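Listed next as structure tokens: two forms of one protein chain, kept apart as structure 1 and structure 2.
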Structure 1
Amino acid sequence: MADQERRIKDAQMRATINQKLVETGERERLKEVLRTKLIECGWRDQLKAHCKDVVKQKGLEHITVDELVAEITPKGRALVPDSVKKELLQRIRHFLAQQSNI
């Protein structure tokens, strides 16, 4: 019961924070920062190389973009450096600390 109550409260809190992020345009800014960081740290290049390998292996005629996306995404997730994840988390914390009504 306590657990369920906590989940409900968390969901409300998440909605409030998300609304704040969207309203202020911070969510889009965070996404843009993350995109830039992923390029800067070489994530995009690594992923591109892996993508090329898969296309070469499977043959262009035997794979669609959707299949390629499905194949590459787990690697994409795994390749995101911890430092980038931490920075994103820190930026959200910092944003929330500046909000008076959360």
Structure 2
Amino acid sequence: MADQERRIKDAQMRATINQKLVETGERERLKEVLRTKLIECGWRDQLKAHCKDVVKQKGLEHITVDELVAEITPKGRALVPDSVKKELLQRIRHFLAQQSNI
């Protein structure tokens, strides 16, 4: 039972943090930083090439957008450089440190 309570508490905390990020506009700023970093490191080009390969392999008429997203998501996540993940996490931690009422 304690495990379930912890999961509920964690979910509530994530929702509160997300709400603060949205209210302050920080979520949009973080998304823009992430977008820029991913383009700079070549992630976007790598994923674009992977999409083309998947479509070529399966055939344009035989794959839906949802299937393509499901196919490329794991590789897309794996291709995000650790340095980008660390920087984003650091920015989120800094934001949380500034928010004393969470």
Partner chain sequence: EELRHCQERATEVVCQELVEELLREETVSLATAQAREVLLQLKKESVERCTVDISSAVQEEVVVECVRDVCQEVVRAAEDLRDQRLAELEQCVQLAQTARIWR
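Since we're looking at a predicted model, the values are computed, not measured. C-alpha atoms forming the largest set that superposes within 1.5 Å between two forms make up the rigid core. Here, residue number means position along structure 1's sequence, counting from 1.
Displayed copy of the chain that is the form predicted in complex with its partner chain: It is structure 1; that copy is the form predicted in complex with its partner chain.
C-alpha of I17 off by 2 Å or more between structures 1 and 2 on rigid core: Superposed on the core, I17 moves its C-alpha 2 Å or more between structures 1 and 2.
Core fit, then H94 C-alpha moves 2 Å or more between structures 1 and 2: Yes; H94 is a residue whose C-alpha shifts (by 2 Å or more) between structures 1 and 2 when the cores are overlaid.
I8: CA movement between structures 1 and 2 [superposed on rigid core, Å]: Comparing between structures 1 and 2 after core fitting, I8 shifts 6.3 Å at its C-alpha.
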